[in-house]
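Take a look at this single chain, the form predicted on its own, given in structure tokens.
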């Protein structure tokens, strides 16, 4: 592999707090050198040089929660289209959810997904295993064997383990293997039949609502079980102000708890459902302006550890239905960075924190060797223009499904190139970027 250097870039590394103009040298897939002193002198003789012209160079992004489509839902997404979307969004590592058909609840399935992803030689794909057999919440999966096969953690995806005794046993069992458990904080009995946030908008539209208490009651239960077992728990896609407060309190008490939020819950609210817009049919549902303010505050102060795309592809036939019958979810890999940069441009989030919640934070939660610019680290990198404006369109997306809740929205900030282990997986060199032999 030919060495290459990216010069004249704004280097952003949350771990070292680096924010400076400089360069980065890649040799044999790893970062050989970086910093303000790297200005093009003393480079290897055969080094390729890329002039970033002041654009931002950061650690490759890491996504905690992605649906790959395979096996069973190839009409919605495939592994190859998912990793293409991830690369276009600046992601170099993604964690696949186990709610496929059949579910990833045995070691052979874990190994199969990993093997198929490796053949693509693109974005790194890690796999969540099912917490219970068949994701049915009744019998624990073989967590020890799944961890041994390479699963990064266990979760039943968007299904809450309703039986508290089963959840207690799952956390206790996972703690023996130091295996991360991810939970969907939504009491199924309270949420049953609901299709959007319970409130005035739902009433006006004649739609059944999901009360905010469905989230907080489920979350409080699981936090108590963590207190009893000492297991590591990651709480997925929190949406309410009360959940932010509960996580903040749990961390203050020293519980081993982390959590994430999605870009769409940070930027959008229940009013997106007006007109019965099925692309805004999300699980958990979009909430209120008060909730969004609490989520942004929690993200800024460190209560919320990461932003996850919650990439959920749905084909057109699944969305072109009456609102209550439409499948929930939105694709998000290609818009996550731009959505978070909205908060930076608005002054709600510092630059370093924005990169941290998309790279270093998720990598830390999953214990991956990613999310940092440092000598010797894998050259998993994203180069982006923080000021380029672009409009989200279905035709511009790499995902097989095009169900984006941000359709028609103009963002400021766009990925130019992505490298995995020093290999370009998404080159998009435009005006102002130059390469030379």
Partner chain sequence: MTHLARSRFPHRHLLGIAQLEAEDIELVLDLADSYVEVQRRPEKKLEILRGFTQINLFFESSTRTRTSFELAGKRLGADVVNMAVQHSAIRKGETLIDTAMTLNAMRPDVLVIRHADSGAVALLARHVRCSVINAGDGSHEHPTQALLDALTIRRRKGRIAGLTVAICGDIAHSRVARSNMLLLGRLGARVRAVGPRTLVPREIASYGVEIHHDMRRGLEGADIVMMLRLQTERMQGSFVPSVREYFRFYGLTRDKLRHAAPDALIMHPGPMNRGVEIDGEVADDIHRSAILDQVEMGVAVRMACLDLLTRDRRPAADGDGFRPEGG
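Positions refer to the first chain, counted from 1. In this text the structure is predicted, and so the values were computed from the model without any measurement.
One more form of this protein should be noted, the form predicted together with the partner chain, which is absent from this view; the next part is about it.
Contact annotation: the partner chain lies within 4.5 Å of heavy atoms from the stretch 321 to 329 in the predicted bound form, the single such stretch among 114 to 122, 321 to 329, 227 to 235, 141 to 149.
With the partner removed from view, the residue among 199, 107, 269, 194 that has a non-hydrogen atom within 4.5 Å of the partner chain in the predicted bound form turns out to be 199. Of the listed positions (205, 283, 344, 217), a single one reaches within 4.5 angstroms of the partner chain by any non-hydrogen atom in the predicted bound form, namely 205.
For the chain shown alone, residue 254 is not a contact residue for the partner chain in the predicted bound form, no non-hydrogen atom being within 4.5 angstroms. Along 273 to 291, residues 275, 276 each place a heavy atom within 4.5 Å of the partner chain in the predicted bound form.
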